[in-house]
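Only one chain is shown below, in structure tokens, and it's the form predicted on its own.
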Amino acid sequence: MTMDSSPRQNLGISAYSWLKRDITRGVFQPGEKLLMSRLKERYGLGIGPLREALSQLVAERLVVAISQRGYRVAPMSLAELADLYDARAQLEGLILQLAIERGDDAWEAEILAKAHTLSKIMEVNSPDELLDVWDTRHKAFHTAIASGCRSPHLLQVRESLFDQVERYRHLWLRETVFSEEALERKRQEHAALVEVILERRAERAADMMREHLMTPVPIITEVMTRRGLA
């Protein structure tokens, strides 16, 4: 039984990962109908794993079920952008305050290690690889900070908000990662944030974190307006 279910489960996970990535990266546009025939051809998978992946993405609000047999990519809006980013910033500020209260020396060391990795110059072969590497390191840096709160439930809510904001965040990523000037601003923000965190100035750090997480909103708003997504 286990032998049979494991490959099916792996196919479902693969379908979910690939489809989520393509929706996030804009391969499938907001409101676009997700035709099963096209998905089968693109991913080389059967209907079962694809339905499983689509159901999971409906739960994450990235896909909308339009009938028993149909799915569309969820729409995007400036109202949702503002609400998601505000919720995320407020939660991250709270989590950081708790992390400063509860975090130990190992937590501080992990933040420093991740900040160092993020600030290093990357040797990459393509723009997409640059985006992927920087994004992975950036997430690891913020996750290291949040982990100090030591609350699995808060971290789960945080992860859910990150999933929902991913499509919007990706619009900001492409504008930021390929601009040396924008990257340098982020490096400065991260360095200032680390300094205040290590000084254990909880209220100041939380204010800075909220401000830091809201900086993408005007950039994303401009991109959405330019592309007719707003």
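Because the structure is a prediction, the values reported are computed rather than measured. We number the residues from 1 along the sequence you see.
Quick note: we don't show the form predicted together with another copy of the chain, though the next part is all about it.
Enquirer: Counting any non-hydrogen atom inside 4.5 Å, which residue from V27, A191, L198, A59 sits next to another copy of the chain in the predicted complex?
Expert: Selected residue: A59.
Enquirer: Which one, L112, A106, A87, V124, lies within 4.5 Å of another copy of the chain in the predicted complex by heavy atoms?
Expert: Checking each option against another copy of the chain in the predicted complex, the one that comes within 4.5 Å is A87.
Enquirer: So in the predicted complex, is another copy of the chain close enough to E166 to count as touching (4.5 Å, heavy atoms)?
Expert: Residue-level check for E166: no, no contact with another copy of the chain.
Enquirer: Is there a heavy atom of H170 lying 4.5 Å or less from a heavy atom of another copy of the chain in the predicted complex?
Expert: The answer is no: H170 has no heavy atom within 4.5 Å of another copy of the chain.
Enquirer: Can you tell me if Q68 lies within 4.5 angstroms of another copy of the chain in the predicted complex, counting non-hydrogen atoms only?
Expert: Flag for Q68 set to yes.
Enquirer: Quick one: is S55 in contact with another copy of the chain in the predicted complex, heavy atoms, 4.5 Å cut-off?
Expert: S55: yes, in contact with another copy of the chain in the predicted complex.
Enquirer: At 4.5 Å between heavy atoms, only one of the stretches 127-135, 154-162, 140-148, 112-120 reaches another copy of the chain in the predicted complex; which one is it?
Expert: Stretch 154-162 is the one.
Enquirer: L91, L98 and R102: each with a heavy atom within 4.5 Å of another copy of the chain in the predicted complex?
Expert: Result yes, every residue of the spot touches another copy of the chain.
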